[in-house]
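One chain comes next, on its own, written as structure tokens: the form predicted alone.
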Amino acid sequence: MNKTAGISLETVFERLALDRIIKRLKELDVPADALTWHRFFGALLLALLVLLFLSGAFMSFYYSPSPGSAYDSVDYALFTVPFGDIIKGIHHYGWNLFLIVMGLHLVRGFWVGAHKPPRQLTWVSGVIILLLIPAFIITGDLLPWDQKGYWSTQVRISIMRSVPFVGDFMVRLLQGGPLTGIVALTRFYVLHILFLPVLLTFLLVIHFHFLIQRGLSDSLSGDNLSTKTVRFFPVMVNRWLILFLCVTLVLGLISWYWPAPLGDPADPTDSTYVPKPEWWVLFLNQLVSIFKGPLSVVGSVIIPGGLVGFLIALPFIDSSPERHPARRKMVMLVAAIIAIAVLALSIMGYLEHHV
């Protein structure tokens, strides 16, 4: 029997009213392929999310949400605090990797027909989580109060202001005034470390609820591996912990050799600074630059909104029981056209801003 300071763990769990939950977890069976080499993107996303939360919590100990001290507090955490550069790097490279894995997770789910009945709401909840993630990046970019973060925020605010009917209200709500100053920085900080994490946690609970109730998508190969089960604890938990440790080690080494960038302090009077769009938003930035004047709403709202609507409505558009990609030609053709358009716009944006 496991004991801690002379008291059994079973007794501790019982006093904390956790004994029934622990017992259910020990008896819970999950598909044997729930975390394997061909189905691990979801588990990897969870590992990255935990790393992002932990590294962000560490950096918040040293951060001061004021234009006069924000940059210095980030500089201190990055270059003076022991291992601060590694933790900042894990946070920086973690969200970049998170976006890549999230895209792969979405593509794999679409490829194997994970949105098919009865998993429609599992897909929809996942898409809503996907739409929330950019809000973390947008609010987080301003926090270092460097040139890149400040002027990237100005670009995003100008795009946001162009949205009909609600644009001005959204800008006033986020900025808190005519200029991006202490009120905007405070609101971005509170959103980034409090409201958005709470909302994301709530959406994850919903997503996992539907995942548990509706199960994983079956394999296209028909090998029925998903019918075999293993214990959630300790088998699946141990697999996830190994994945978590590997990801932490890899990101830590990358951060050690290539520290996270920190530019010059923000200068609101330097209107000559032109921020370069991040890789993940290149195609959206290119859309905005293509449609100008009265047509700007097409690139900033209509086309992105149509893409979002397509993703959310996909389970109800492609609702036939057929899951094999070769027998879903129409929806696969539409998806291919969208993917090619996004890739082409991203390449155009890269050549325009980074070459």
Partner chain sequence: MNTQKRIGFIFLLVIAFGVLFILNSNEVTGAAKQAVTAAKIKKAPTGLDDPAWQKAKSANVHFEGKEKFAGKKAAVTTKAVYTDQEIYFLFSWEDTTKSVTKGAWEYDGQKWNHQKGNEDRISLLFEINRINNFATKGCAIVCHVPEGAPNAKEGKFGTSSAAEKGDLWHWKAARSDPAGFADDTWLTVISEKKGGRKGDAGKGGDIKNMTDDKSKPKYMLAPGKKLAKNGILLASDSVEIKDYSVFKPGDTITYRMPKMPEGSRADIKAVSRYANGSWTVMLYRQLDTGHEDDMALNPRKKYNFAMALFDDSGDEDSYDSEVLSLQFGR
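Since the model is a prediction, treat every value here as computed from it, not as a measurement. Under this definition, the rigid core comprises the largest set of C-alpha atoms superposing within 1.5 Å between the forms. Numbering follows the first chain given and starts at 1.
There is also a form predicted together with its partner chain; it is not shown, and the following applies to it.
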item: Its partner chain in the model of the complex reached by all of Trp123, Ser219 and Arg323, non-hydrogen atom within 4.5 Å; value: no
item: One stretch from 196-204, 263-271, 229-237, 127-135 that, in the model of the complex, holds residues within 4.5 Å of its partner chain by heavy atom; value: 263-271
item: Single option in Leu106, Val163, Leu211, Leu243 placed near its partner chain in the model of the complex, where near means a heavy atom within 4.5 Å; value: Leu243
item: is_contact(Leu51, its partner chain) in the model of the complex, heavy atom dist at most 4.5 Å; value: no
item: Touches its partner chain in the model of the complex: Trp111 (any heavy atom, 4.5 Å); value: no
item: Phe83, heavy atom within 4.5 angstroms of its partner chain in the model of the complex; value: no
item: 4.5 Å heavy atom contact, Ala77 and its partner chain in the model of the complex; value: no
item: Members of 234-260 lying within 4.5 angstroms of its partner chain, judged by heavy atom, in the model of the complex; value: Arg239, Leu243, Val250, Leu251, Ile254, Ser255, Trp256, Tyr257, Trp258, Pro259
item: Large Cα move at Leu130 between this form and the one not shown, threshold 2 Å, rigid core; value: no
item: Displaced residue check between this form and the one not shown: Val235, CA, 2 Å or over, core reference; value: yes
item: Closer or farther in the model of the complex: C-alpha pair Leu35, Leu54 (3 angstroms or more); value: farther
